[in-house]
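Given next, in structure tokens, is a single chain: the form predicted on its own.
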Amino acid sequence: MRRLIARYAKECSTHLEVITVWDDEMEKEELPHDKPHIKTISHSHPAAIWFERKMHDDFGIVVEGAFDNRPLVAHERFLAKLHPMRKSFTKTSVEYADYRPYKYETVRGDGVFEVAVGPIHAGIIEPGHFHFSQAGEDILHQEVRHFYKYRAIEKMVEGKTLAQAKPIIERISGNETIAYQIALRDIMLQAANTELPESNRKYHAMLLELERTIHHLTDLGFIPNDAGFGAALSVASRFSEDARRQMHSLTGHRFGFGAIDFSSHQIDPGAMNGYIDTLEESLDFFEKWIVDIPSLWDRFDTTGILDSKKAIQYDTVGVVARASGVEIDRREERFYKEHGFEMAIQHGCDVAARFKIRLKEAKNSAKMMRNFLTKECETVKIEEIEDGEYFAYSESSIGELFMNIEIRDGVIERFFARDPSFINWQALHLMMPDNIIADFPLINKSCDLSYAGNDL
């Protein structure tokens, strides 16, 4: 079964175009401006439904045969028949419409009740709504609803050069900023018909693995914390903070904003090797400590199961897929393998498997960072940017990131990014049945999905 990567639309001068990206090909379909209709693919690829609902909200494309035609990014007070990704839409603000209730997916029956969580949360996270159908403590069904920000990033970067858009694109999702920059870097290199020197690629790859390390360490603390073991959060947070400070030392920013560029850099291998030594010691200590807490693994094992068949059916990526035995990782290629990459796979399909994947990947990232060490990287001249349509991928800490940019007259005509979370959020509800509502934070955290990256 081929894998769906993305489905999105763009407006051309004479028609609309729907692009469906598979792992083995790209399909394009032209639609008329006035009455655009397209057939759904959601029955064979359920994760296509968010893409299709978004196309309708953004461009007014009617999707025939879909099992869900509710608005996605157009919330209750959004004006009907307002399609902001059309070229004719140039407003900087819009008035509110009359309130239109949103009909949630629910289970009916005696003793069944609903629980609404969010969109405003106690933690420092983006807005997101989780709607549960419950029978006592048991979860019968959950619906995820996001897109409360609708930041209009796709529209915001239109008409900008790649350099002008970079500060916006690299801030789409704070836990994937290096990954977004690397995807954008590859598009810039394609458009300039320029090769990246080996030393530069190694330095950038080292930063990507450091970013992965930061977020895996954070998750290795928060997952046990959501099972009631706060000591793990205290310990792992210290390790994560050390990694964050190392990112600041290397790039001048704790999140690595502006880190992936084409200028020369001097790196101190001694200092970086020293940090990696400390990281490896910390991971060894943490692993020996955490695996010997039976009560914790009682909470992890068999909780939030996503079997491999459903993981494939929903086209999941990243840790979510690999913990269900699905071998998907954009680093599975010569350059990474030569520098120590080993794909981490688990078959438990549960919280325990997702936890083990993160621990194994953090250790592998430490090994790769050492192998990527270089004393300096070169200045690369980016000459004239050629018009065209360009695609790039990177493997963020969450999973496969896809980016498409079309350049016309030297500026961005269409920007599209598919964050791994856009796919994986749609599989979250599959992990809920046979669990209690108190396990929802644990299951959710084990997937570590981005709210911001999901909501462009």
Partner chain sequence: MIRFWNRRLKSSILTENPELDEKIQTIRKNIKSEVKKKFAGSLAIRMVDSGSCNACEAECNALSNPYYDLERLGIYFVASPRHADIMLLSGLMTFNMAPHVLDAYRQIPNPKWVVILGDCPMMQAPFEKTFAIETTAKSEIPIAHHIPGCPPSPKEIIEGLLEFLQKI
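Positions refer to the first chain, counted from 1. Note that the structure is predicted; figures quoted are calculated from it, not measured.
There is also a form predicted in complex with the partner chain; it is not shown, and the following applies to it.
Quiz prompt | 37, 275 and 312 each touching the partner chain in the model of the complex (heavy atom, 4.5 Å) | solution = Contact check failed for every one of 37, 275 and 312.
Exercise. Have a look at 87, 77, 375, 337 for me and say which one sits with a heavy atom within 4.5 Å of the partner chain in the model of the complex.
Key: By the 4.5 Å criterion, the partner-contacting residue is 77.
Self-check item: Contact residue in the model of the complex, chosen from 343, 385, 235, 267 - any heavy atom within 4.5 Å of the partner chain
Solution: It is 235 that has a heavy atom within 4.5 Å of the partner.
Practice problem: Give a yes or no for residue 355: in the model of the complex, does one of its heavy atoms lie within 4.5 Å of a heavy atom belonging to the partner chain? | Solution: No.
Quiz item: Should residue 172 be counted as a contact of the partner chain in the model of the complex, where contact means heavy atoms within 4.5 Å?
Solution: It does: once the partner chain is placed as it appears in the model of the complex, residue 172 has a heavy atom within 4.5 Å of it.
Quiz item: Taking 4.5 angstroms as the cut-off for heavy atoms, does residue 289 touch the partner chain in the model of the complex?
Solution: It does: once the partner chain is placed as it appears in the model of the complex, residue 289 has a heavy atom within 4.5 Å of it.
Self-check item: Contact flag, residue 153 vs the partner chain in the model of the complex, heavy atom cut 4.5 Å
Solution: It does: once the partner chain is placed as it appears in the model of the complex, residue 153 has a heavy atom within 4.5 Å of it.
Quiz prompt | the partner chain in the model of the complex: contacting segment from 355 to 363, 190 to 198, 237 to 245, 314 to 322, heavy atom within 4.5 Å | solution = The contacting stretch is 237 to 245.
Practice problem: Any residue of 97 to 136 with a heavy atom within 4.5 Å of the partner chain in the model of the complex counts; write them all down in order. | Solution: Residues within 4.5 Å: 119, 120, 121, 122, 123, 124, 125, 126, 127.
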